[in-house]
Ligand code: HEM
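To begin, one chain is listed below as structure tokens, in the form predicted on its own.
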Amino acid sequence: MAAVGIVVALLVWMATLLLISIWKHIYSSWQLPPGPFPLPIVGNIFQLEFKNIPKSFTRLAERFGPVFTLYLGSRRFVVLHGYKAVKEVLLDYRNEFSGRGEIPAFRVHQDKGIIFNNGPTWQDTRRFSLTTLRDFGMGKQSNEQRIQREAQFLLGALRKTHGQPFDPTFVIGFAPYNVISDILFHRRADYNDKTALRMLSLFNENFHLLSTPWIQLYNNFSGYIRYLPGSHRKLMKNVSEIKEYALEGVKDHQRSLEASCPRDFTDTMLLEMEKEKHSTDPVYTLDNIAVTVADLLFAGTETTSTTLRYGLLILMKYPEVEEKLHEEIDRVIGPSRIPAIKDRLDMPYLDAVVHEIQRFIDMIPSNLFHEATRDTVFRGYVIPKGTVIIPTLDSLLYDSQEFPEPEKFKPEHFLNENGKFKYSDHFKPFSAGKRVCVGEGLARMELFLFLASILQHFNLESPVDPMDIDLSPIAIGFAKVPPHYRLCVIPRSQV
């Protein structure tokens, strides 16, 4: 009888919990966008495929429309799918949805820096960082010269492969790493430097871990699984190590700082910290500067490196595209002149290929989480303050109306009938609005110049038949991670 009583009590408790959950959901969501009904505790976890959450969002958008609500645990998400809804949220409601949704894997960066900062310092830190980056060449000729100089080191490293198959991950990674490192620390590393290789390895590993199902689960249920063993521990250890590296660099600069002659981004932020030394609520602390530097170093290296690496794999898959690029490069630049940004106007095919690579690989498909900064009426729905907002970027980049046959790699997506470059407002791989990537101008310049330099001097050769190259990402989550591969770079005969 005692056992029966316990069972009955448990059933009553579960039924009560379910009724309370139903009542709370109905009460709190009657003005929210539609969405699947959440279960107690787990929410809509069973409506999502954690190996491919962007695909789940597309499927749910087909059912509930371009604006829908999801719950993971008690955490509320509103997902925007499609050009009109995403553009509205990012641009028309840029103030209301400019917060940053929490990513527990980056808890040590919380409320500091640029990318993951949702605290009171984020706007000042971002604004000052943008101004300082521009002062040190972001989007200007001095940055072009930085990239052109680094391109020569990259070409030298590629020549040392002697036409043999190699993994391009770190060889390619050094180029954007050195460009952003020069802006941040006024230094570059040799392509066999152990410390730099360690950083590149951590960036690469984190980029992959962030896209695994376990980390997707952790970022939404960290309260339940924080103390369990798993790859989230490795990821957070890596994040802390990168932050510590940045902090040591900042402290080293602090020891040799000369107020009259700032050398780089870090010096400029330290000088701003000096101005605030008597403030009771300073923005520019050593910790905030270190996280800002770590944010820029990671984002400025890994996204460009991954795009280039994925792009080279695509070109090996489609040698006819590479052949057209060689023809355009030979005609416009020739065999010896260093490629320049001004060449882009005369090279619509390369410009189109660079854009199509970014569109096709769809690197950050679901964007970084935004957050509602206040209760907001959007399309007749009431979205409460603190709601996580997901403006999906893949729904723009893979819009079949804008890009016919979006699953295919077609540079023609960015060319008009006369072969001239064609801009598309759906092209938003860097997002838009108040949280747009601060390094967009630098990344676009790097992709064009590095790719032009490589193809000016080398033919790409795959160790396997191009027909057998699989372009499918090995992980889809925070990012789409390219497959591991090897390639050969064969020096072109210089005429």
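None of these values were measured; they are calculated from a predicted model. Each residue number is its position in the shown sequence, starting from 1.
The form predicted together with protoporphyrin IX containing FE exists for this protein as well; it is not shown, and the discussion that follows is about that form.
Asks: Is protoporphyrin IX containing FE close enough to A157, H355 and A452 in the predicted complex that each of the three has a heavy atom within 4.5 Å of it?
Replies: No: no residue has a heavy atom within 4.5 Å of the partner.
Asks: Within 4.5 Å of protoporphyrin IX containing FE in the predicted complex, counting heavy atoms only, one of 209-217, 343-351, 296-304, 412-420 shows up; tell me which.
Replies: Only one stretch qualifies here: 296-304.
Asks: So which of L368, L270, L72, I314 reaches within 4.5 angstroms of protoporphyrin IX containing FE in the predicted complex, heavy atom to heavy atom?
Replies: Selected residue: L368.
Asks: So which of I180, V89, I383, L200 reaches within 4.5 angstroms of protoporphyrin IX containing FE in the predicted complex, heavy atom to heavy atom?
Replies: Result of the distance check: I180.
Asks: Can you check whether I147 is within 4.5 Å of protoporphyrin IX containing FE in the predicted complex, heavy atom basis?
Replies: Heavy-atom contact with protoporphyrin IX containing FE at 4.5 Å: absent for I147.
Asks: With a 4.5 Å heavy atom cut-off, would you call N459 a contact of protoporphyrin IX containing FE in the predicted complex?
Replies: No, no contact at 4.5 Å.
Asks: Do V332 and protoporphyrin IX containing FE share at least one heavy atom pair within 4.5 Å in the predicted complex?
Replies: Outside the cut-off, so no.
Asks: Do V438 and protoporphyrin IX containing FE come within 4.5 Å of each other in the predicted complex, heavy atoms counted?
Replies: Looking in the predicted complex, residue contacts with protoporphyrin IX containing FE include V438, since a heavy atom lies within 4.5 Å.
Asks: Output the sequence-ordered list of residues from 107-124 with at least one heavy atom within 4.5 Å of protoporphyrin IX containing FE in the predicted complex.
Replies: Read in sequence order, the residues that approach protoporphyrin IX containing FE (within 4.5 Å, in the predicted complex) are I114, I115, W122.
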